[in-house]
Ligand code: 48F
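Encoded as structure tokens, the following chain is the form predicted alone, with no partner shown.
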């Protein structure tokens, strides 16, 4: 076993996958629970989807559970989805079940990848591509370049649709807002910013807030609540999964319309 062959195998395999995903149907930014759920559902429908995660690991805030207790709470109405993913759950009371956060995010990553989604970690999105009033791609760089504040030019990924699943900061919507000087399809025309904790209300509103906020740009997960000014909900994750599912369903319908 030669060390150079090991190096070549890694480089050649990665570059092949990277080149193959420079043009995708859907680019999802953020490999948290909603982004991965969206990718999983899209990949199940044989839609070409790539997820770009700036951190070393996938999972967003889920692996930390609540205050670094790596358990999460879910609602009874998504038990079927957890069963589909093969995630163990335990009943706490009539409304709340608990699951291990590491098992949950691992299962979701596994199922998304096995169904055909590609996850690129340590890649940051620093801009969007817009043509004739539609977002049609993202501008990416290595996260280490941004963290080190190096002047290194980025590359572009072309996508029919882009999903902001970056969580509380709604980073892609804020980039769009700052650089494009155009209005989002929200009541204020801008990112409202999330409100204080209210789990029940936040869980309700996250589904309503999952939608297209500019032609070609969708929001899901906490990015959706941040954009529309809804409450955060803490370490309960049913809404995050359902938000990712809803985003995938809307995008699938859009893609069907494009091919008619």
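Residue numbers count along the first chain shown, from 1. Remember, predicted model here, so these are calculated numbers, not experimental data.
FYI, the form predicted in complex with the ligand isn't displayed, but the following is about it.
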Is residue 210 close to the ligand in the model of the complex, meaning a heavy atom pair under 4.5 Å apart or at it?
no
Partner proximity in the model of the complex: residue 52 to the ligand, non-hydrogen atom cutoff 4.5 Å:
yes
Contact flag, residue 240 vs the ligand in the model of the complex, heavy atom cut 4.5 Å
yes
Can any non-hydrogen atom of residue 158 be found within 4.5 angstroms of the ligand in the model of the complex?
no
Tell me, which of 173, 125, 162, 117 has a heavy atom within 4.5 angstroms of the ligand in the model of the complex?
125
Within 34-70, which residues come within 4.5 Å of the ligand in the model of the complex, counting heavy atoms only?
34, 35, 52, 53, 54, 55, 59, 60, 61, 62
